[in-house]
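Okay, here we've got a single chain as structure tokens, the form predicted on its own, with questions on binding and movement later.
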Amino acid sequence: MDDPALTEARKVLAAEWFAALRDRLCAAFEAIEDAHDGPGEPGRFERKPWTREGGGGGVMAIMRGRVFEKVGVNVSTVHGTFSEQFRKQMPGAAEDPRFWASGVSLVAHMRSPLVPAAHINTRHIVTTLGWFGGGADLNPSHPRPDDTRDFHAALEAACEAYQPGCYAEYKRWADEYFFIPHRGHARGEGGIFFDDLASGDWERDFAFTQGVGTAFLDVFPRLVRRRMAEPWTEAMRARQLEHRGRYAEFNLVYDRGTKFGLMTGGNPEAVLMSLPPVATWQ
């Protein structure tokens, strides 16, 4: 087991990184709002801190604008004790239920149906063990091959810098994870997913987690700027809203982050910020 002082120092580094990535993402998205010449005022993030009764808390950052219909970029750092039910599911918690967890989570729902929705989450969890996890995926209602290609290329570069060949593994994991069994299809164009990442080299694993966040920060704003001025129709909007319904189903029924947040006493508003502002079902 690592030295306790070293573990505490690493917790600080991880939490500071997640907060810094949040700030960079918010700045990039507000710059996009300023650059768009559509109707209405450019959006700005509103930040709302919250405290977890069992220990720790976080900050919700939500923006509703003329490009981003709803985007949340939330950070949290919490600690406490897993419930009897949940401790059985978490590595290193069977004999000692105490935990610490920090992460950043982003979900962007776009006003234009031609701009893809997107998600990224990265986290560090410490029990008697410590590991990283995360994922990112693209969720367009009107897929464009070049958007999908560029998104995956950015994630592939981050993966290959960490370990040659791991992109194929994490992409396959994402294809399996971001799938809606009761609908029989994927929720989007895929991406990567990884969990329980503990290679034995903490600094290397942390650098990879940072690399995934940096790759998303580079590629997703470029995709938004590429599509945000393209004209769209009400039929396209109707398709977008139906697609959002499928997204909501996945997050409420299958998403691990949703389950973790609610089962560990997280702020329900922050946990459920991933839900779209408007959706339809047929």
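Since the structure is predicted, the reported quantities are computational estimates derived from the model, not experimental observations. Start at 1 and count along the sequence shown; that's the residue number.
The protein also exists as the form predicted in complex with another copy of the chain; that form is not presented, and the subsequent description refers to it.
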property: Contact residue in the model of the complex, from R226, R64, R47, R256 (heavy atom within 4.5 Å of another copy of the chain); result: R64
property: The single option of R144, R204, R172, R183 touching another copy of the chain in the model of the complex, heavy atom within 4.5 Å; result: R183
property: Residue stretch of 31-39, 245-253, 47-55, 218-226 approaching another copy of the chain in the model of the complex, non-hydrogen atom distance within 4.5 Å; result: 245-253
property: T7 within 4.5 Å of another copy of the chain in the model of the complex, heavy atoms; result: no
property: Touches another copy of the chain in the model of the complex: L262 (any heavy atom, 4.5 Å); result: yes
property: L272: touches another copy of the chain in the model of the complex, heavy atom cutoff 4.5 angstroms; result: yes
property: Within 267-281, the residues that have a heavy atom no more than 4.5 Å from another copy of the chain in the model of the complex; result: P268, L272, L275, P276, P277, V278, A279, T280, W281
